[in-house]
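Heads up, the chain below is alone and in the form predicted on its own; it's given as C-alpha cells.
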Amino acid sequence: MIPLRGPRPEPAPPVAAADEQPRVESALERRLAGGLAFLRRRLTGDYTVDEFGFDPDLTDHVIMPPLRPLYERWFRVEAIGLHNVPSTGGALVVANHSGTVPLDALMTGVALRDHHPAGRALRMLAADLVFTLPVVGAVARKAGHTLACNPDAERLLSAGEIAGVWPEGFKGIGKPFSERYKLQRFGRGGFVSAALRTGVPIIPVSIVGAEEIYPMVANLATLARLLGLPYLPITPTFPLLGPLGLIPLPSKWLIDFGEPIETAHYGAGAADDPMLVFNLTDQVRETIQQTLFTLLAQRRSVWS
C-alpha cells in the first residue's frame, strides 16, 4: 500500500546574512539621478521664473556647479559671519570690489547659497555693460541679477530678497595693483536710499584675496575706449601668456559678512535726507575699509 503524501510545504524565504547592509547609492548614481530629474523638469516646464527672469532650478544645477570648484579648491574661500545675514526677509549686501574680473561677486553668491543656513540666493545689482554682453547678459538674468538702479533694488528688497551691490563699480575692479585694498569712492549712496525706503539692514562685506588673482600693472585706456570697455588690463600673465594668462592666480580668500546696520527705525522718509544718506554711506565704507585692514593683518600669506 502506497502512503498518501500531503501538500509540499512552501520553501522558506532566504534569510539575509546578519552583516548584510542595504545597498548605498553611489555619488555618481546620485548625480545621474539628479541630472535626469533636472532634464525632466526642463522638458515638462516644471520650474518657476520670477519677474526678473530668475530661474532658481537652472541656477542651482547649471550656473553654480562650475563656480563651486573655484570657491572650494582654487580660492579656498573662508566665509566669516554668515550668521549676520538674516535667514528670512530682505537685506542689502554691500561689498568692496576688486580683481580685474568680478569673480568676487560670484564667490559671495556661492558663499550665501551653499554655506548660509537658509541657502539664500544673492540677487546682484550689476552695471549696464553686463546685460549688453552676449550670453553673459542672458545668464545674469537667469541667475536673478538685474540693473543697479533704485527701482529694481527696492522691488527686490521689498520682496524679501538678498540684494548685492558693489558701489566702487568699475573703478574698484579696474584699479591698479598698487592701490589694492584701498576703497574707491562709493558714489552718491543710492544703495543706502534703497535700504532706507524698504527698511532692510545693510550688511557690510569685506573681501580679501580677490586683489591678487589678476594683478593689474597697466591699463590700455585708449584701446579700451575704442572697444567700448571701462579698462583693458595688462597683468604679469596677460597678454604675455595668451589664453593661459586668463587663469586667475590661486590666492587664499576671506569673505567677512559684518554686523548689520539697521535702517528700519529711520522710516522710509529718511531716504530724502541727503545728510543721513551721506553719513550712512560713509559708515558703510569705513566699516569695510577697517575690516579689510584687520583681515590683511591676520592673513598669513597671499596663498594660504
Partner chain sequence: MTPKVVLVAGVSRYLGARLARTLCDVPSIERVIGVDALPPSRELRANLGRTEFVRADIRNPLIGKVITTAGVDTVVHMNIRAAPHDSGGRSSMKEMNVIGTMQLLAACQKAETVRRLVVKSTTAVYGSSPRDPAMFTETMEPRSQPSSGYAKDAMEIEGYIRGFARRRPDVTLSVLRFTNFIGPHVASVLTEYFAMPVVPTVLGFDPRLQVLHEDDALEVLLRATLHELPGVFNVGADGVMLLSQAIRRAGRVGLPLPGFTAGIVDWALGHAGGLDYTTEQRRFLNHGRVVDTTRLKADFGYRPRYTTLEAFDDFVRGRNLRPVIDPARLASVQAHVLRLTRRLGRV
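Numbering follows the first chain given and starts at 1. Please read these numbers as outputs of a predicted model, since none were measured by experiment.
As for the form predicted in complex with the partner chain, it is not shown, yet the points below apply to it.
J.: So, 29, 37 and 46: all three within 4.5 Å of the partner chain in the predicted complex by heavy atoms, or not?
T.: Yes: each residue has a heavy atom within 4.5 Å of the partner.
J.: Looking at 193, 206, 146, 108, which is the one with a non-hydrogen atom within 4.5 Å of the partner chain in the predicted complex?
T.: Filtering the options by heavy-atom distance leaves 146.
J.: Could you work out which of 179, 128, 72, 114 is the residue within 4.5 angstroms of the partner chain in the predicted complex, going by heavy atoms?
T.: None of the others qualify; the residue that does is 128.
J.: Using a 4.5 Å heavy atom cut-off, state whether residue 227 contacts the partner chain in the predicted complex.
T.: Judged by the heavy-atom cut-off of 4.5 Å, residue 227 is well away from the partner chain in the predicted complex.
J.: Does at least one non-hydrogen atom of residue 197 fall within 4.5 angstroms of the partner chain in the predicted complex?
T.: No, residue 197 is distant from the partner.
J.: Using a 4.5 Å heavy atom cut-off, state whether residue 68 contacts the partner chain in the predicted complex.
T.: Flag for residue 68 set to no.
J.: Is residue 118 near the partner chain? Define near as a heavy atom within 4.5 Å, in the predicted complex.
T.: No, residue 118 stays farther than 4.5 Å from the partner chain in the predicted complex.
J.: For the chain shown here without its partner, which stretch in 85-93, 72-80, 132-140, 159-167 has non-hydrogen atoms within 4.5 angstroms of the partner chain in the predicted complex?
T.: Looking at the other structure, the answer is 132-140.
J.: Judged by heavy atom distances of 4.5 Å or less, which residues of 50-79 approach the partner chain in the predicted complex?
T.: If the 4.5 Å heavy-atom criterion is applied to the partner chain in the predicted complex, 50-79 yields 50, 51, 52, 53.
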